[in-house]
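A lone chain, given as structure tokens: the form predicted on its own.
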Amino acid sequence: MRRRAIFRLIAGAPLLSWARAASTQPALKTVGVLIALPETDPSVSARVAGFETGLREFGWSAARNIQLRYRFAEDTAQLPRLAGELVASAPDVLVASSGIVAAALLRHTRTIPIVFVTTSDPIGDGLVTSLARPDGNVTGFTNSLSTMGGKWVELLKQAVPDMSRVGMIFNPDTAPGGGSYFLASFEEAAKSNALRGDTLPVRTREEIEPTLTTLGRAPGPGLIVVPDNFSALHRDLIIAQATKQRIPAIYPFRYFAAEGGFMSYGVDLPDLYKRTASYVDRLLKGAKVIDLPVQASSRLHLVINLRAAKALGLTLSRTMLARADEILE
């Protein structure tokens, strides 16, 4: 009897050791990611790759210690439902691709930490009350200062010296400050460069073509495309119409230029997604949102598409080309 008891003890030892080891394994962390673009959008894969590269650098692996739950919106009307689904799944951290996405998530939770990848005016949008010490459950990264409106005008004028009129297209329902965030610097730069500055509000895809057709009929037109989900979702039509109407345009992100736009000046989005991983890492390890200040991106890139310039009948100066961080041919 004593020998059988010893055998049973030995036989049970591996199972006991496995159970003890399993109980000491760290719990799987979960991160919900909501991106306000279709999953098939050409720019999405670079964003996801940047984010997951950043996570791996901090030791997070989907095969080992983290679960990533992605949701992609075909249009902004889907955001309330998708935000609700993600919050209901009770992730440890939420990642929002933009301010409008963060706002959608915030309507469902005031406790789960939310990190936005880009937004221009987080205070104006009601996401935070302080950039230095966010006192709610939201923090993240900004992509455009209000002075960018003037910078876009200046770059476009330098590229197209004959430009005499510049329009700024935006959706009042989704653009930062309803379109007013960049307005003061836009108007000041237009005036100082002896340009007529026009605001071009559009709320639907159907309004884009007639708006740009009207602008194209004016002498010496130029176009600024404000960063927001509407311009990202409908960039194919904006780029196509700007080209058709021979309107030189400057866009907020590189992928606009990569897809046929004339110029872009703004942050490196894949890099921002990679930087977002640093905040996700700290939150998963116990950091508080209040200790994670909203950060501004210092890396701005000017990209010029020479093929688009040729289609517009433009010849760029050596000075302009020398300013570019990247030239697409």
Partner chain sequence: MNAPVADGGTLRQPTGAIQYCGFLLRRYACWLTLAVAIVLVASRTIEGWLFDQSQKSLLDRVQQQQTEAAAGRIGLFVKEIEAQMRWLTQVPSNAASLDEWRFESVRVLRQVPAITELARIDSTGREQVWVSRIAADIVGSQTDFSHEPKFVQAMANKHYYSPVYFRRDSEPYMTLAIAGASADHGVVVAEVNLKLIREVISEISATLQRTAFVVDSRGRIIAHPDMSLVLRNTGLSHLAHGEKPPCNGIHQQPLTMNAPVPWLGWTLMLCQPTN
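Being a predicted model, the structure only gives us computed values, none of them experimental. Residue numbers count along the first chain shown, from 1.
Just so it is clear, the following notes concern the form predicted together with its partner chain, a form of the same protein that is not shown.
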| item | value |
| --- | --- |
| L37, M163 and A194 each touching its partner chain in the model of the complex (heavy atom, 4.5 Å) | no |
| In the model of the complex, the residue from L156, I100, L127, A189 that sits within 4.5 Å of its partner chain by heavy atoms | A189 |
| Single option in A62, L28, L300, A49 placed near its partner chain in the model of the complex, where near means a heavy atom within 4.5 Å | L300 |
| Heavy atom of P293 within 4.5 Å of its partner chain in the model of the complex | yes |
| Touches its partner chain in the model of the complex: L233 (any heavy atom, 4.5 Å) | no |
| 4.5 Å heavy atom contact, R133 and its partner chain in the model of the complex | yes |
| Residue contact check: T214 to its partner chain in the model of the complex, 4.5 Å heavy atom | no |
| Interface segment, criterion being heavy atoms within 4.5 Å of its partner chain in the model of the complex, picked from 199-207, 77-85, 254-262, 141-149 | 141-149 |
| Heavy atom within 4.5 Å of its partner chain in the model of the complex - qualifying residues of 265-283 | Y265, Y279, R282 |
